[in-house]
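What follows is one chain in structure tokens, specifically the form predicted alone.
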Amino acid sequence: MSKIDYTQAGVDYSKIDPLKILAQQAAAATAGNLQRHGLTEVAASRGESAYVVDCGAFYLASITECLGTKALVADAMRLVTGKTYYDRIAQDTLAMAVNDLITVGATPVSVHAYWAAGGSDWFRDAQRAKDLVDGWRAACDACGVSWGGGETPALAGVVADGRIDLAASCVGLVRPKSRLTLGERLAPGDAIVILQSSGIHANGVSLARKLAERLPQGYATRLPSEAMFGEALLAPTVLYAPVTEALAAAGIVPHYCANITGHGWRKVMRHPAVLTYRFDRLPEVPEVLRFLQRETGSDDREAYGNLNMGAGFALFVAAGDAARTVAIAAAAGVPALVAGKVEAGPKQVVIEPLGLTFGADDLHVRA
């Protein structure tokens, strides 16, 4: 079987990222509009995973994210097992927004749903609808947020017939303001604690779908553990808000946070500071990601540059807080490890066990 790369799967960040940067530049020019409301933006949040507004007594953070193409995997697996899996991908959708929001130190407060279907008939499937609603509510309860409402448009001609585009917006509070985490305290000597992922999460699914098309048994292909490829892909994204809330309760404020989504481990160097992020330990790679890397013929640079490879979230904390951070995460049900440290030096991510380095030119997500 010939190699499949991320570009062949329909995702080319070199084409996507320039639009993001253009949008950031235009968006920054609108910040003055907040003055009419007596508010100001926190400029350092531009280019981060969530936008932050100074409301005086507290900061307000907000984010909108979509699930991506994982619903297509759920639909395909329903033909195999009869289960809808929409309870699982509901959690994925919430996680895409909530896990971004918490990177700035915010406590998630409310979410809104955006469920855009290819036609009104999509909503008539009672079991699928129930699973989606139940999964959404359960994820809200896990994160302690109120589900405020949402939008359910039927977009025939825009969304494919029989399909749905799932997205969520989330609002959170940074209170007290000392919890704000935008990297101003990030410095050499900080420890990098990795919170482990549950699998592919919701990034890299296009590559997995492309692979499924080429496997003789498709999503029903058995992994070495005998789990089906499709079911392994549908392991829900971990919700990391319970960890960040537990850290805050323990008095630990990270110096920076990174949600490891698209761009894989390159996201570790999202902050604009010129620093080296050196790893000497790696989290266990979930079986489904090992399988995906092997069967697509991806080398380590491509795999770690696009997939989470076991790292769902990175916490940059004072070295003296590292061990306690791992223990608090474990108590919240999320395995973690002290994987590396921040050093003075050029902007790069150095993964020593793999002999792999990503430089500043390998990540373009900021204006």
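Keep in mind it's a predicted model, so treat the numbers as computed, not measured. Don't overthink the numbering: it's just position in the shown sequence, from 1. Rigid core here is just the name for the largest C-alpha set that superposes within 1.5 Å across the two forms.
Just so it is clear, the following notes concern the form predicted together with another copy of the chain, a form of the same protein that is not shown.
> Looking at Ala319, Ala44, Ala327, Leu39, which is the one with a non-hydrogen atom within 4.5 Å of another copy of the chain in the model of the complex?
Replying inline: Among Ala319, Ala44, Ala327, Leu39, a heavy atom within 4.5 Å of another copy of the chain in the model of the complex occurs only for Leu39.
>> Is Leu60 near another copy of the chain? Define near as a heavy atom within 4.5 Å, in the model of the complex.
In response: Yes, Leu60 is a contact residue.
>> Residue-level question: is Ser120 within 4.5 Å of another copy of the chain in the model of the complex, judged on heavy atoms?
In response: Flag for Ser120 set to yes.
>> Within 4.5 Å, heavy atoms only: does Leu239 come near another copy of the chain in the model of the complex?
In response: Residue-level check for Leu239: no, no contact with another copy of the chain.
> With the cut-off set at 4.5 Å between non-hydrogen atoms, does Gly68 touch another copy of the chain in the model of the complex?
Replying inline: Close contact exists here: in the model of the complex, Gly68 approaches another copy of the chain to within 4.5 Å, heavy atoms only.
> Would Ala191, Ile200 and Arg290 all count as contacting another copy of the chain in the model of the complex, using a 4.5 Å heavy atom cut-off?
Replying inline: Per the other structure, none of Ala191, Ile200 and Arg290 touch another copy of the chain.
> Just one stretch in 112-120, 278-286, 76-84, 231-239 has heavy atoms within 4.5 Å of another copy of the chain in the model of the complex, so which one is it?
Replying inline: This holds for exactly one stretch, 112-120.
> Can you name the residues of 123-144 that have a heavy atom within 4.5 Å of another copy of the chain in the model of the complex?
Replying inline: Read in sequence order, the residues that approach another copy of the chain (within 4.5 Å, in the model of the complex) are Phe123, Arg124, Ala129, Lys130, Val133, Arg137, Cys140, Asp141, Ala142, Cys143, Gly144.
>> Given a core-based superposition, decide whether the C-alpha of Leu22 shifts by 2 Å or more between the shown form and the other one.
In response: Result for Leu22: yes, a 2 Å-plus shift.
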